[in-house]
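Only one chain comes next, encoded as structure tokens, the form predicted alone.
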Amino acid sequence: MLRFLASRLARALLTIAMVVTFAFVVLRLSGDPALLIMSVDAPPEAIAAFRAAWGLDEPLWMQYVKYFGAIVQGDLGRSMRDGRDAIVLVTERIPATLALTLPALAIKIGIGIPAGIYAALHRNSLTDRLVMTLAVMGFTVPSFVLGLLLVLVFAVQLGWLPSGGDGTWRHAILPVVTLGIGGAAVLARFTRSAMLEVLGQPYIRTASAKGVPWRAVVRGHALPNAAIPTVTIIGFMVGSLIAGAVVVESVFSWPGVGRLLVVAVSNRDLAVVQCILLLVAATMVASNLIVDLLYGALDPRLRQARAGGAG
């Protein structure tokens, strides 16, 4: 078990290092932030002084070494726009993002999993077809299109809810629903597929042939085994709590991390963009690590295999 954890942690650190490197290279190649922030009409001396102040005049490899070393020491840089610490700017926006993504996650799980289970248990019925039709629609419609449709109906036509901004719980309803519908559709499809695969296994038929009540078969055998692939999807959704709201926050003018990322990219605010990407990578890696640990709890065979490998 210790060897398993060590290998997963090493892989997690390698993944984060790769994300940091990729973000650094892409942002440096996307344009000169000095020209965007200072404007092309600024005096050459002012542009040169800006580059020197932020270390942009140094060779790329030296900038990378300094940047990576600063991250190791916990320094994620300062915003080129206002000089504040990037981590402060990002953490100020996290509560607003979680105010959308956590209720949306509850909607995804609360609707998607029961719908998928019910559809699988009533395969080829009218309810199954209806659930899968709605799931396909919810999965294929882009979030920004769904958000605009909800605004058109509930804000413009009916006037029941505000079209954007923040301030009250009513402002959060449309973005939460927009985030929740797509994820619920994905979970419903995966849960149904996982349940159908498990229900077709020989041990399910054997349990039924022995006279075990169908509800006991579903609860004791089908659901635990179908939970393994479903946990993977939920883990991905948990890992994308920060990154998953970028489009929706922009559509509804919600002051979260996603909207901050869009603004920072357009302004070439390197430290803020890199800080957000690092946060997203860390969240995804932590979520995947938790999912790996849950696999052992859900599937005793994996736990025994890990124990045997460690031995």
Partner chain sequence: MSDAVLPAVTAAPPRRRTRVPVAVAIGLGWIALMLAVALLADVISPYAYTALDLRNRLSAPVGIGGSWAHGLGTDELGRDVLSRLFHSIRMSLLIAFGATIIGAAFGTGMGFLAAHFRGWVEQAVLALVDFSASLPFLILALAVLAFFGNSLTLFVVLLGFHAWERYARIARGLAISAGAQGYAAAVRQLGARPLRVYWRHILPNIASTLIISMTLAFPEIILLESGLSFLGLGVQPPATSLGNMVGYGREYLTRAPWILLAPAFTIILTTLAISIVGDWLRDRLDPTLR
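Computed from a prediction, not measured in an experiment: that's the story for all the values here. Positions refer to the first chain, counted from 1.
What follows is about the form predicted in complex with its partner chain, which we do not show.
#### Entry: Residue (of 26, 52, 65, 46) lying close to its partner chain in the predicted bound form, criterion heavy atoms within 4.5 Å
Looking at 26, 52, 65, 46 one by one, just 26 meets the 4.5 Å heavy-atom criterion.
### Query
Just one of 126, 209, 106, 145 has a heavy atom within 4.5 Å of its partner chain in the predicted bound form. Which one?
In short, 145.
### Query
Are any of the heavy atoms in residue 236 no more than 4.5 Å from a heavy atom of its partner chain in the predicted bound form?
Yes, residue 236 sits close enough to its partner chain in the predicted bound form that at least one of its heavy atoms falls within 4.5 Å.
### Task
Although its partner chain is absent from this view, report whether residue 18 comes within 4.5 Å of it in the predicted bound form, heavy atoms only.
Result yes; residue 18 sits at the interface with its partner chain in the predicted bound form.
### Query
Any chance residue 156 has a heavy atom within 4.5 Å of its partner chain in the predicted bound form?
Taking the distances in the predicted bound form, the answer for residue 156 is yes, it comes within 4.5 Å of its partner chain.
### Partner contact for residue 141 in the predicted bound form: its partner chain, 4.5 angstroms, heavy atom
Heavy-atom contact with its partner chain at 4.5 Å: present for residue 141.
### Query
Which one of these stretches, 213 to 221, 199 to 207, 88 to 96, 133 to 141, sits within 4.5 Å of its partner chain in the predicted bound form when only heavy atoms are counted?
It is 133 to 141 that comes within 4.5 Å of the partner.
### Query
Is every one of 22, 152 and 243 in contact with its partner chain in the predicted bound form, taking contact as a heavy atom within 4.5 Å?
Every residue of the candidate spot has a heavy atom within 4.5 Å of its partner chain in the predicted bound form.
### Query
For 262 to 286: residues with a non-hydrogen atom within 4.5 angstroms of its partner chain in the predicted bound form?
Contacts from 262 to 286: 262, 265, 266, 268, 269, 270, 273, 277, 280, 281, 284.
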